[in-house]
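What follows are structure tokens for two forms of the same protein chain, given separately as structure 1 and structure 2.
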Structure 1
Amino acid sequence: MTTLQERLAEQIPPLAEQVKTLVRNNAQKVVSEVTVEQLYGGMRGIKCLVCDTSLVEADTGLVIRGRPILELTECLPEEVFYLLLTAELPDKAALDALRSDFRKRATVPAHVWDVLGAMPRDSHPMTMLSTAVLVMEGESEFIKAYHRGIKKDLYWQPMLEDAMTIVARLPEIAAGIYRLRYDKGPRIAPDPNLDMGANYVHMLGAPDPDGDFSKLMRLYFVLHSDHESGNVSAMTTATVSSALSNLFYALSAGLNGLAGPLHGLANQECLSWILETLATFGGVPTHEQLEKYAWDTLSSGRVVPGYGHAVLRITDPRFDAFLAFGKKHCSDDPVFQTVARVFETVPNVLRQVKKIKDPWPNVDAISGSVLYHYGIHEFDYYTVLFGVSRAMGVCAQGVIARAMGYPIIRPKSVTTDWVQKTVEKFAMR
């Protein structure tokens, strides 16, 4: 039986050598250009990052280590974490070893609960999550190893320790935040026999007589686990980590980015928009009512949340996965029915707005509705679950970056004056 640590120790040296040779032999070859529009447009489309854990193409959506996300919907989140790191799904022995390792690390230190308990009662749950990760920073194995003078090519080992500790603890932290923030009673101890999704549902204290809520949470944690490295939370985590700040610092920063309404918080805004339509029309709106509502939203200067994407130009396959789950498990729920009807209506509206490049739904257009069905009605909490899942991807990316010896991230900025003069030089040619 080979553990995750042992498998990575086999894989990393030849991979690091491959990258070194690739760079050495091709150092000056051009792989991307930058236009003025991209410079001022959030760097959209510039190929300037390397991420091996996953790839998101406009016409395919998320592919994790060569496997389209829709092929992974039956996997456990723990298996996907192993896949993100090694490009392989674990066999039973390796999975058992990983789960047993997670169990050993899962105990959340008491000071985390003390700090969360001392925060203002109305703190946003994302503030609580980011704080919880940050206050565990003193336990970083990476920082201890760094101070002991560990060799650079071994940095990935204590990084992996930190990644595993974080991933092991986040479900309990997230469930604890829910119970504390919404007065649901004392925390519920983890059940070491359960997988990540089922254990989270158990610690939430939610009824799950037929196991469907656990199924949903496994799917949720798998679908949100990674989305390459150019999005705000992943790029922030990678940038902070590149300064050799440990993963607790880096992930906490990334979570702060995830808390933005154009990124992870969109799921909260999306459900709020859906509930607004249900309240306005006194039930599941008709297609005509939704069409008018979407136009009203646009003309009031708001975005239709959950629609559009910086990269995708198709319906997000993660949306499709939740739609299939919802059709099977909550097709009679008016909130889910409204989400499905919005999908039948809104892309036609957005297609008529010239500036919108992608009229199709992203994962946030639906993820809240299925959580709502299982009784999580506090939608400002939803991004916490996104964060628990996304931590797997960005932490895996952090481990790989250290394994490959990537340097501190430091692109060059220019002034508008420089851009002006540069384009004038082009005009004179």
Structure 2
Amino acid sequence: MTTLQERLAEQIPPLAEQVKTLVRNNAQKVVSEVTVEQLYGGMRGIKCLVCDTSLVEADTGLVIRGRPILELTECLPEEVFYLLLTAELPDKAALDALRSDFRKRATVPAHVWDVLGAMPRDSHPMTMLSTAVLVMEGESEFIKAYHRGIKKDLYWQPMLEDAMTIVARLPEIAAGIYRLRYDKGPRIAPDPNLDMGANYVHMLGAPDPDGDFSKLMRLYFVLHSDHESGNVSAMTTATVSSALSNLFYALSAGLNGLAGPLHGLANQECLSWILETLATFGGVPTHEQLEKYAWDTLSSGRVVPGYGHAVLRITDPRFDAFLAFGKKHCSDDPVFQTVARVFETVPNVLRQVKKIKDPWPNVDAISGSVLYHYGIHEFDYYTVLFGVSRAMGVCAQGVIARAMGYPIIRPKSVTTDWVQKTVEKFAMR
């Protein structure tokens, strides 16, 4: 049996050499250009980062290690974490070893609960999650190894230790935050016999007689696990980690970015619009009613939340995965029915608006509705679950970055005056 650590030790040396050779032989070749629009548009579309764990193309959606996300919907989150790191799905022995390793690491230190318990009662759940990760920083194996003088080409090993500890503990932390923040009673101890998704539901204290809620959380953690490295949470984590800050520091910073309304809070806004729609019509609206309602929304200067994506020009495959789950497990739920009917109606409206490049739904258009169905009605908690899932991807990226020896992230900035003068020079040619 080969453990995750042993498999990576086999893979990393030749991969690191491949990267060194690639850079050495092609150092001055141009792979991207930057326009003024991109410069002032949040760097959108500029190819300036390397992410080997996943890729998002306009016409395919999320692909993790060469596998389209829809091929992974039956996988456990633990399997996807292994895949993110190694580009391979584990066999049974490797999966059992990984889950056993997670169980050994999963106990959350008492001081984490002490700190969370001392926070103001109205603290935002994401503030609590970011704080919980940060106060575990003293346990970082990476920083201990760095101070001992570990060789640079071995940085990935203690970084992997930190990544596994973080991923192992986050479900219990997330469930504990829910019970503490919303007065659900004492924390519930983890069940070492359960997988990550089922164990989270168990610690949440939610009823799950048929196991469907556990199935949802397995799917949720898989679908949100990674999405390239250019989104705010991933890029923030990568930037902080590139300074050789350990993953506790880096992930805490990334979670703070995830908490923003333009990133991790989007599914809350989508669900609010759906509930508003239900209330407006006193139930699930007809297609005709929805078409007019969508036009009214656009005419008022608002957008239809969850429709459109910075990269995609197709329906987000993750939306498709949740839609299939909902049709199988909660097709009678009016909230889900409304989401499905919006999908059948709204793209036809948006295609008639010339400035809208992508009329199709992204994952946020539906992810909140399925959580709502299973009783999680506290909207501001949803991003915590996003964070638990996304930690797998950004932590895997951190391990790989140290294995490949990537340097500190330090792009060059310019002033508006510089841009103005440069544009004028081009105009004079």
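Just so we're on the same page, residue numbers count up from 1 along structure 1's sequence. Because the structure is predicted, anything quoted here is derived from the model rather than measured. In this text, rigid core is short for the largest set of C-alphas that superpose within 1.5 Å between two forms.
Structure 1, not structure 2, is the form predicted in complex with ligand CMX.
Relative to the superposed rigid core, K144 undergoes a CA displacement smaller than 2 Å between the two structures.
After superposition on the rigid core, the Cα of L350 moves by 2 Å or more between the two structures.
Taking the rigid core as fixed, one finds a CA shift for Y182 smaller than 2 Å between the two structures.
For L298, the displacement of the CA atom between the two structures, after superposition on the rigid core, amounts to 4.0 Å.
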